[in-house]
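This document contains two forms of one protein chain, each encoded as structure tokens and listed individually as structure 1 and structure 2.
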Structure 1
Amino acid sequence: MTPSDSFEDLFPAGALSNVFPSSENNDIPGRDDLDTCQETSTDSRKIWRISELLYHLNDTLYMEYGKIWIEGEIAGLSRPASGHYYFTLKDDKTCLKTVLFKNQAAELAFPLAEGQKVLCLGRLNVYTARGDLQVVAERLEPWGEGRLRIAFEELKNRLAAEGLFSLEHKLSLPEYPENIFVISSVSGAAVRDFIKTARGRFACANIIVCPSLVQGEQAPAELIQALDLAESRAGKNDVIVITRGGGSLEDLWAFNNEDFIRRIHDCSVPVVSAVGHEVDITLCDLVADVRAATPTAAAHAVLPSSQEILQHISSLGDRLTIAYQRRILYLRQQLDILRHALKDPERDLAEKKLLLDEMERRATASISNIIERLSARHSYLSRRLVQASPLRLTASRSRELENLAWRLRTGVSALINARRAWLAALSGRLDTVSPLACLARGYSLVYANKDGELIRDAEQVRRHDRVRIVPAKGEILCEVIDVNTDKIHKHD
């Protein structure tokens, strides 16, 4: 690959026009001539050609700054047919032209947008065609995640230099833990996955959940408090498991807190970290005594398999029985050899027989004791497995469901009775204000017979008009004899 082939795709058009001399333009100096200034024979002043000065500035910028991180807001974003990104990085006071070539743009993990605040890794460069200072970007990150990533690497390197991640500080896990303290969010799926796997591997495992926030500003303090509680309650053969589900770097940031990391390092109880998914790496994973990729893997790392233990016990029993049988056979063979070597020593033979019988008795008793202990251990483990059976749990849940159903029926019945009493009270109140109740107390309604209009004032009728009186029961048809509009009736 020639220099022009490798660099033309990385720089704007015309940016390298004066870098590599051509046969048509031999008067442009090469790189070896950049440190040489032209001097006149009559003047001692150092006079720069513009191209030489810009080349020298580029070398100086690269040597002085190298690759640097710059924060800013994207403005004037454009992407022509070449596939390169051109934009300006600005803050509240000034701005700086920036270019991101298509090879680096293809590695972007997020789309660029106008007004977006980013963290840019690049080098300063003077575009020789126009003399503009610009940034040749190599990597862009969103402002929040980028800062977190830099802070993560800085803290990781500093803690590693202090030896917090060294293997010599890591504790080994007990083969058969008595208590397992799980620090996690009680509402998360991680703690449920761990408990489910742990129960499947070793049903009698004693799991103690220490609730804590696993995300947010308050999470590190609660994680430290939960770790303090677990360590204060833990014994010699106990284990602490810290777990949560996956997420972004910001979601898992509580597990990169320096105080929390140092607290894990100082913990006297073995700590297993199962934070995030397999691809997620936190400082909690690095400082913990054991790192598990998932909560399920953490359960496999902490607990043995009860089925494997039973198989191992059964294998030991078989091997022990075979060993004692071989020992008895060997002793009998030795007895036969000694018996043939003796020349009719009846007394010694009797003693040897007694000794043989005693040895057989002791061997048989010893084998029986071992078999009884193994059988008792097997029965004990079988009972523990039966007690942890899902059938017992299902029966318990069924009884709880029946109790809840009875309570529901009782509550609904009580609610219906209360609603009926309330409806009866409302009916009584409605009867109290009903017009029919007023009629029952002696009042009557008077209607004009000609149009059926309710008469509220004596001026609505004239002499000889017919009116209809409606008491509580029946109707009365009357003729008006006289009308007196001055008299007002008052009721006490």
Structure 2
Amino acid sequence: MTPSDSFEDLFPAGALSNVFPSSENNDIPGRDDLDTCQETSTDSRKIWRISELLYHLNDTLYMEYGKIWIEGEIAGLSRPASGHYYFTLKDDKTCLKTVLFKNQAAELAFPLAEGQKVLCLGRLNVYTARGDLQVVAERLEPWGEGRLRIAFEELKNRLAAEGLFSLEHKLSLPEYPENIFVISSVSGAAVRDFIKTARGRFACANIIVCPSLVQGEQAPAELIQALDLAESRAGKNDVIVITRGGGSLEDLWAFNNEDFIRRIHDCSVPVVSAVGHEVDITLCDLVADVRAATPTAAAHAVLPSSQEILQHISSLGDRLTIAYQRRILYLRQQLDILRHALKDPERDLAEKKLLLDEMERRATASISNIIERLSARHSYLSRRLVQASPLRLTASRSRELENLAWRLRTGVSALINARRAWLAALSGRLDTVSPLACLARGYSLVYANKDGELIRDAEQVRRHDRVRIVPAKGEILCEVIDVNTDKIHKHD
């Protein structure tokens, strides 16, 4: 805002034409005109035209004082139809005329009354129509409250500039505190509200009430003392709650005490502030590690809810069971896979054993057969030998018989030996005809998966049947895509 703006605000153009009828060009006089006046004066005395002087004076007042706070008592209060307030601000010696325009008056937080002490924010101005000095008020506050507010703002800005309220200094609250030190008035409702709410929360912590005045001149010292006490007794998992009910700025003034605020800032234990109602902000709220709007909110902030903890534990229990069962299931599946992997070589081995056994049996049977036939032949020959007149046996015949018997024995032995050799050869061949050897040559066995039967004919399977292909190494589980029964392979 420039001086001329404010001037015109106060005195619109229409009003001015009457005030300065003699002005040569009917303009508001400016600096140039003033200089001219001085130069054209007939002697060294400086002569002002009144309107010029008042204009100059307003300019100077504005530049010199700007907006100022003035304290005083209201007298001669009047409010004409215009809606503006007119009154004088006085102290025990003198007074100042004051105007509070309608727009600003609408923002008054309290009704103005005769004799009331107020604090007034405004500009000094000389009313050019009459030459009266007046205050053009912008804001009025009840004196006590207003002074406190100014002091509050000043201290807040100073401490904020020092960084006392910055977030990096804030301590976090313990999740499950062991002791809660409540600094409050023992007779106040705040501490009762806090305890009442705390009783409904998880009862993990002891509550220790540290009594202190919360209002009046002694309050800051007692609050500091209570904080000292609480801090000296507090352990690692403890928390301090400072609480008081709502009140006027003056009622809450102890909680804006600089020493107390600095003491809270230096406190090594987390501090929760629940001072006043939600709308009341104190420096204690700003400097505390956590601000709670009410004592009830403070109890919520420091103590967890029993219900939430129970739910949390219960959900952990569910997760535990599921995770454990999954683990077991997974391990069981792993075991199953390994067992399947073991099963096939075993069965292969059994099949080979059975095959070998069968071959052995057949070989033995054929040998026995031969021996039996030879034995029968031997008895038959022996009988014939006996029948061939043994009485007429001569020595030579006897030798011949011996000879014959020897030949028979050797013949039988030879026969047995030959069969043994044949059996050995057969065993040798067994290896070559073993299905395993076939597999080694690149053939595979195909088994029906459901009954393990060897597939020799495509008609044994249908589409979507599962078959196991067993090559020389490993096993392949397949699903039949198509079956063609017409095709015949020529076997070697």
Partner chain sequence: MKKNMKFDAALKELERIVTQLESQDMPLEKAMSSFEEAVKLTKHCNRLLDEAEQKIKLLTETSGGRLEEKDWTD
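All residue numbers here refer to structure 1's sequence, counted from 1. Definition used throughout: the rigid core is the maximal C-alpha set that superposes within 1.5 Å between two forms. No experiment lies behind these values; they were computed from the predicted model shown.
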Between structures 1 and 2, the form predicted together with the partner chain is number 2
Note to self: Aligned on the rigid core, do the two forms place the Cα of Leu53 2 Å or more apart, comparing between structures 1 and 2?
What the structure shows: yes
| query | Does Ile68 move its CA by 2 angstroms or more between structures 1 and 2 when the core is aligned? | reply | no
* **Post core alignment: Ile207 C-alpha displaced by 2 Å or more between structures 1 and 2** => no
For His464, the CA shift between structures 1 and 2 after fitting the core, in Å, is 163.4
